[in-house]
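First comes one chain, alone, set out as structure tokens in the form predicted alone.
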Amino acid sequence: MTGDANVLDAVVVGAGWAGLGVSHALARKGLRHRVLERGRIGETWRTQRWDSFKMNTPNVQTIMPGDRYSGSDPFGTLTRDQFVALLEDFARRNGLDVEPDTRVIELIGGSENGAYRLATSRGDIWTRNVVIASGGLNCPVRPAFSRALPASLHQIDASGYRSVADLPLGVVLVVGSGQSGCQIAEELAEGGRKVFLATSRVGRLPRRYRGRDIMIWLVESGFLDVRREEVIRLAGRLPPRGLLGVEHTISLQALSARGVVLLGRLAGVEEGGALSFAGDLDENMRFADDASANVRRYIDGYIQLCGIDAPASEPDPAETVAARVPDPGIGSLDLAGAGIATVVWCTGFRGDFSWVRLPGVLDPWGQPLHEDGVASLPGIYFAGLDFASTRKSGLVLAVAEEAPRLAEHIFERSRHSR
């Protein structure tokens, strides 16, 4: 580093919706910054989403800062490729300085001028502030016992699934009944595959309720503005996102009616190689049902409190259909005997922050430590993390609120350090 002129005000790592949103806010503050992207704009969306993937927020909410939806389908949803095109268009229209194919190898504290050094595949960059927007949900997590399964078994993660046709012939076991697991299980069943689904304790949302898309109600009512601390207090931890079907409600009972064989939680591998499942299927179904009922009651209360003229609720086919649950329940499953050729792991994601070599920024599991996206180490920030500040955090519609707040923080810090 040769002097202050070569030190940027900020560097944003990652050119997804969060990174681009922060870049937009930094530019509006007149801050000198660059956006570093390991691949292309929206790389994770390009490479870790299946072919038929669609956003689960309506178009009217899938917008970037400063934009307003003006199309003809406000309550439709964008495909994977349409969303990537939206990000590219946003960066182009706003003249954002995105440097593709620039991988960050290491982030360390610099001894000169209190700046940070980013070692990248294109050389070193010095900056006073770093916004880490590389994603907190892009590294799939599998249980350790997955390594004990036969080598002949085709194993992929939700991020590696593309289509029914890409899988080997045979039965498919989907592990995890959250957002990805249930959508993939539904697509596989519609594609003619026999599917086993190992369920988990995940809430569920109706797609529509009382005349509106559920996301419209959740934003308008303030449900998504509940603070992170309150979410943890209510659930005892940060819960997984509730299951929300793209164009219709998805429930475990509706999946079973389509022919998906429901199982309890995958507990492990038995001595002979068979898979064992917990006896919690009924509990998992009931948990999802209760979560949906709680959300509907919340919206009913909001409608009544505000005197909104909304139509009465109507039965949702996905919630009224009778489940076809194995009786007795399946506690053990022989892979070969069941004809299972593929396991799709939908067991969660974490972020890869191994390149961050700074004290006090990551927890013992290598995940961010922060408050509202601000780390304890001055000049280090996180953007786009799930539940970072509120229930809304981690959704595209949150960036319009969170990016300006981070930019203001960086602006004030930069102003005082000059």
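Because the structure is a prediction, the values reported are computed rather than measured. We number the residues from 1 along the sequence you see.
Keep in mind the form predicted in complex with a small molecule is missing from the figure; the text below concerns it.
Residues A18, T57 and R103 are all found to lie within 4.5 Å of the small molecule in the predicted bound form, as judged by heavy atom distances. Only one segment in the set 250-258, 308-316, 132-140, 217-225 has residues whose heavy atoms sit within 4.5 Å of the small molecule in the predicted bound form; it is 132-140. With the partner removed from view, the residue among S180, S292, S200, T127 that has a non-hydrogen atom within 4.5 Å of the small molecule in the predicted bound form turns out to be S180. Taking the partner from elsewhere, D372 is found to have every heavy atom lying beyond 4.5 Å of the small molecule in the predicted bound form. Among heavy atoms of R38, some come within 4.5 Å of the small molecule in the predicted bound form. Taking non-hydrogen atoms only, V13 approaches the small molecule to within 4.5 angstroms in the predicted bound form. Within 4.5 Å of some heavy atom of the small molecule in the predicted bound form lies at least one heavy atom of R49.
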